[in-house]
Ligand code: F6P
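Consider the single chain below, provided in structure tokens and representing the form predicted on its own.
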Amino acid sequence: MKKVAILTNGGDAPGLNAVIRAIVKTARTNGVECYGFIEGYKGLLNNNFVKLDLDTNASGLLHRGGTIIGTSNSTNVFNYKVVNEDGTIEYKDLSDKCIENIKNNGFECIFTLGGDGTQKSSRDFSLKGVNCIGVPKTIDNDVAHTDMTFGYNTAVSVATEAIDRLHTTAESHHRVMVLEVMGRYAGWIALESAIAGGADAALIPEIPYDINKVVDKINERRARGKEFSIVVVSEGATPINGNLVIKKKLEDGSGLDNIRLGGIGEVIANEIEELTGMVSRNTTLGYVQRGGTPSAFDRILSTKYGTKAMELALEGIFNVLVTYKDGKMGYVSLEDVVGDNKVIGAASGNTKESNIRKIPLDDDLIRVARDLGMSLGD
């Protein structure tokens, strides 16, 4: 193996640069050249790439947030939105153009750093003969078959610090403070940060909530002289028999998750204030969770992912996702990662065929939360 390329796709996450660094350093040790496509699959389509050099542009990456080669979360090359000269819109499969670029440049393997959507396209490319190795990236921790994605630990740490800070305001003003966190359709960030930060309630997508159950918890605390409460809510949480709160519907193209979540925290805060009479305020943490310096844990995990990915390429093991299971690095087939979502170009995310990793209802986190007396809204 002489020449490989990396792309980072989807939302940015702490640790992306650390993975890039690990791949490039392991490649150099073994005499392999590394390149990076600019802005993910968009760069692959436009044949826009740069050589990654440890003495210049790929130096000093371990602590840096974001990604030095950019990313895109609105590009599905298997179902690409094309605006014609007459203004009409059609969707085209432009993957063959990407494959032509890969072959013409002599790239023997493409490392795809991203979440479930990125890995869905990686699997689709693998079916067309491209050697792909996926590395699971998302602060949401929802990629199937791996215990933890890089970036997640940093996001939980940021959310926990936010809860710590909200505690002082809540206690000082005798208020209910609601914190809305990311996670899309999985509640990992919400539940772990709620436990770490000592929250009184956590509302997650896996357990539809009854707002009256949350109010009962707040009133119970008041009866014990606790004149404040902390509620953590995942952006994808829904009430029993209710719907997602959608901030905006996008038009990024077919085969993409065109829903931008957001606003559930404000809804919860307003309902709590109306039902309890206590002043309630919402804080939406937003993009702060996935920006900035990765934690020490994420730097190490990212480095493990990157070195393992390059090792697999050197061994000739392709069309797999690098995994972290039971404390050990391994891999699974990209076919297993997409699960029942088999149609080329189909969207990942909140569909019945999706294979995203949600919190199992028998998970220790849920047991611990209940043992602590935390309300989960049920």
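Computed from a predicted model, the values in this text were never measured in an experiment. Just count from 1 along the sequence shown to find any residue number.
One more form of this protein, predicted together with the ligand, exists but is not displayed; see below.
Partner proximity in the predicted complex: residue 138 to the ligand, non-hydrogen atom cutoff 4.5 Å:
Flag for residue 138 set to yes.
Using a 4.5 angstroms cut-off on non-hydrogen atoms, would residue 184 count as touching the ligand in the predicted complex?
Yes - in the predicted complex, heavy atoms of residue 184 and the ligand come within 4.5 Å of each other.
In the predicted complex, residue 226 touching the ligand (heavy atom, 4.5 Å)
Heavy-atom contact with the ligand at 4.5 Å: absent for residue 226.
Any non-hydrogen atom of residue 131 within 4.5 angstroms of the ligand in the predicted complex
Looking in the predicted complex, residue contacts with the ligand do not include residue 131, since no heavy atom lies within 4.5 Å.
Which residue among 103, 174, 260, 92 has a heavy atom within 4.5 angstroms of the ligand in the predicted complex?
Filtering the options by heavy-atom distance leaves 260.
Considering the ligand in the predicted complex, which of 145, 123, 290, 299 comes within 4.5 Å of it through any heavy atom?
After the contact test, the surviving option is 290.
Among 76 to 84, 207 to 215, 103 to 111, 282 to 290, the region lying within 4.5 Å of the ligand in the predicted complex by heavy atom distance
In short, 282 to 290.
Between 215 to 240 and the ligand in the predicted complex, list the residues on our side with a heavy atom within 4.5 Å.
Contacting residue: only 235.
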